[in-house]
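As structure tokens, one chain now follows by itself in the form predicted alone.
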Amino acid sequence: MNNVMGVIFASDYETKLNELTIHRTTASLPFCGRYRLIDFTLSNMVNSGITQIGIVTRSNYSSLMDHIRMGRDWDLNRKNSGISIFPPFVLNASREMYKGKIEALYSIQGFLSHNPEEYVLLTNSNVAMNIDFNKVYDAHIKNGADVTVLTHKACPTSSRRMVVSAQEDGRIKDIYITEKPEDETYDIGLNIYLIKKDLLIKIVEKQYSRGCFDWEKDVLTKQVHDLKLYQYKIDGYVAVVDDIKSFYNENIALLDNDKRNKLFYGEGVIYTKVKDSVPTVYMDNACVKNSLVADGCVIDGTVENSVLFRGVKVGKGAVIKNSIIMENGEVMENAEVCYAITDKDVTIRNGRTISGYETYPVVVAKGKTV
């Protein structure tokens, strides 16, 4: 797919992810023990032959830049293509951050127009899946589409989900944005779009001149009959992270071996930043059941139905159940953690109890001691 370039929006849903995105973007949110959310988007692009990639940031992007570096782990440290990272202040002199995707795209017109690729793949960074974008490109060309919209079957479990209705041939006839969660199953947009570059620039310039900034609401929903919008359904495993509940649910869901295999052994390999860590040490009192445990951990307590990131320490007599413990977290002796998410460098002291509920997990912010 040398004819396609990628644009990744690193920041979205930060307000709904609360404590987890105080110090980082959505793109650099840790996921599944040793990955970041952006790893899946980058890996899918590279595996599909897309090597010209622009990442549009918004705020708190230092951790993202540290994770990506020069793109070496994705074979993107190249001479003629690779990764370009754009801060949120490219366009205006007043140092105001862009309000939406249209303003962001308008600010990187130079990057879009100066590269030779004919098509652009626009995507958020909050979706974990394993897909070959070549199939999307083939369907786009076959349909003669202006925009191909990627969707999957799901319940809109939170607001701001895009619901798509299409004809039998895949042409989209209606789009609306949810205002509240719903229990019914629909075709939900993944905020991933394939579009011809010249058309994208034309739309962006026109909408920007009219003061519009929201790609979904100001372009797709209003021009559903003017543009040839086609749906591309994803049938494999898809994890969408756009709030605390979905972050918790999608991490815990990957304890299922079948889902994990679909995500990591699907169309291609999922790459991440390589760290040289020692293996996990299981002490005499360790009891681990149905859990994902990354390298570098030291476990001397009980861990059940949980995800432990690198370098986690579990003291003697400590109990962790149905929880997510991020990098370098420590649960000291006789402490208990249940239905909780602890961010990086969190310490739970001796004998303390942290307990939430399945539908409302407790979040402990980065670096805190309880």
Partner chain sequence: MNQRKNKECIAMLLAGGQGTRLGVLTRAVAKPAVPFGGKYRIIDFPLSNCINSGIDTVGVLTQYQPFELNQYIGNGQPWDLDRLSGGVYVLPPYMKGNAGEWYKGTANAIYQNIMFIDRFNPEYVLILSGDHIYKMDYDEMLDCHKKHNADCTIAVYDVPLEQASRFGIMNTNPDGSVYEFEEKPKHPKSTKASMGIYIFNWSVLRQYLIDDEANPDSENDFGKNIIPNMLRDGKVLWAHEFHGYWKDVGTVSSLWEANMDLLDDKSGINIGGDGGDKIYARNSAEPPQFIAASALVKHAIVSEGATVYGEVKDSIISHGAHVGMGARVIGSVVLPGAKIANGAEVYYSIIGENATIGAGAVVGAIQTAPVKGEWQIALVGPGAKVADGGKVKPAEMVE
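Positions refer to the first chain, counted from 1. Keep in mind it's a predicted model, so treat the numbers as computed, not measured.
Absent from the display: the form predicted in complex with the partner chain. The rest refers to it.
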| query | residue 285 near the partner chain in the model of the complex, any heavy atom under 4.5 Å? | reply | yes
| request: Indicate whether the partner chain has at least one heavy atom within 4.5 Å of a heavy atom of residue 270 in the model of the complex. | output: yes
| With the partner left out of view, is residue 200 within 4.5 angstroms of the partner chain in the model of the complex by any non-hydrogen atom? | no
| query | With a 4.5 Å heavy atom cut-off, would you call residue 110 a contact of the partner chain in the model of the complex? | reply | no
| request: Using a 4.5 Å heavy atom cut-off, indicate which stretch of 314 to 322, 26 to 34, 328 to 336, 58 to 66 touches the partner chain in the model of the complex. | output: 26 to 34
| Though the partner chain is not shown, can you say which of 85, 163, 281, 154 has a heavy atom within 4.5 Å of it in the model of the complex? | 281
| query | Among 177, 139, 255, 227, which has at least one heavy atom within 4.5 Å of the partner chain in the model of the complex? | reply | 255
| Residues within 4.5 Å of the partner chain in the model of the complex, restricted to 237 to 267 and counted by heavy atom | 255, 257, 260, 264, 265
